[in-house]
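The chain below stands alone, shown as structure tokens; this is the form predicted alone.
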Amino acid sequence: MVPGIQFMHTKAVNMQKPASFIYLDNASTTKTDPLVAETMIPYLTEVYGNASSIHQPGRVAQVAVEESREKIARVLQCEVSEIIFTSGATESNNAAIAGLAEKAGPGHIITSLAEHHAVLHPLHELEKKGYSCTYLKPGPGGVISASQVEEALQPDTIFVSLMLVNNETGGITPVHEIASLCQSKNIPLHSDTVQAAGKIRWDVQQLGVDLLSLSSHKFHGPKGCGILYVKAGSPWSPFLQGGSQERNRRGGTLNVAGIAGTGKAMEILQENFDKNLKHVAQLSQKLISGLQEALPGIVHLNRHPDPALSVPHIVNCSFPLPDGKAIDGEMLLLNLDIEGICVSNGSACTSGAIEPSHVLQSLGLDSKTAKSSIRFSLSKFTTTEEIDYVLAALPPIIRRMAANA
């Protein structure tokens, strides 16, 4: 027994080990919807023409690309010409940042410490080239306020880049308020909206952004296909050169099957949206309540205290212990994997060692507590039985690890 910690007995639930695994790492990637896979098959087998070719197979492929572009534009409430297909959100983020920087020339950029590395790393490279960056410290849940942005503005600020939903905490930044501020100053705003798709209702008209990034595999579409929205008239230069594809804005042979799947996945997002959101919210609350009841005083939720400022799909927990100790997050991850439960924690570096999350550290967590954190991320495919299994399996693991800490 750990001094200062009183554990409660877990309620009796079905503890039968799953036949395969319980997947609660949807913030990393999602299961491809069967209807999406079905949509893609013809473009992997029969309709394999290059969408840039003028012969019939190429024209058929191009039709599929444009139909998907129209589906996505309808959901995002933008013009079809404002949609650029990419290889994923990493490319979309890099393209957005590099394109804005190239067009404006060296100047000042505003972002936050809690951004994804696909935003932070390109900005670090720009700093080496003479650009300056302000990295705002996020509030609870990784949220940035419009007032923080306003205070950070400088006469030479050339653009702002802030995510809509934080990928580790689920915190929702009021991007629409920040967009209004940026519009009043004639400063472009880019938003990484990867974790927002299917989790909150929004479109580009509501957000008011100039550029945004999306990745298909985060909303039950295929891997290797992303979206970059660039509002018409935005001061942006193309990133990838070498071809005239995408109206000369992104060179490279189009991933027709992936694009077809992305269009279908975006279309499916709108079906049963409220039902799916309610389902995930109920399971999320069940998970949180169950952990707090079974492990009182040891579970720390890394999220915004206001439920309205967090998506229910992401539940990030730390397990600090008395005397400055904490559960070993890497060992916890491995123990859960043995039980067939798939979650994630800190980002892996090239050596394979688990490093503390830069997001959680930006929220003020010390290194040990940040390393003890795990992220549960749910989807419409998550079941009540899976959450019951986690609530039966996790507390005994925590108790055992705490006793040996």
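The structure presented is a predicted model; accordingly, all values stated were derived computationally and were not measured. Each residue number is its position in the shown sequence, starting from 1.
The form predicted in complex with a small molecule exists for this protein as well; it is not shown, and the discussion that follows is about that form.
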Based on heavy atom distances of at most 4.5 Å to the small molecule in the predicted bound form, which listed stretch, 299 to 307, 317 to 325, 141 to 149, 212 to 220, is the contact stretch? 212 to 220
Using heavy atoms only and a 4.5 Å cut-off, determine which of Leu162, Ile227, Ala260, Val194 is in contact with the small molecule in the predicted bound form. Val194
Please tell me which of Pro122, Gly208, Gly88, Gly99 lies within 4.5 Å of the small molecule in the predicted bound form, judged by heavy atoms. Gly88
Taking the shortest heavy atom distance, is Asn167 within 4.5 Å of the small molecule in the predicted bound form? yes
I'd like to know if His116 sits close to the small molecule in the predicted bound form, meaning any non-hydrogen atom pair within 4.5 angstroms. yes
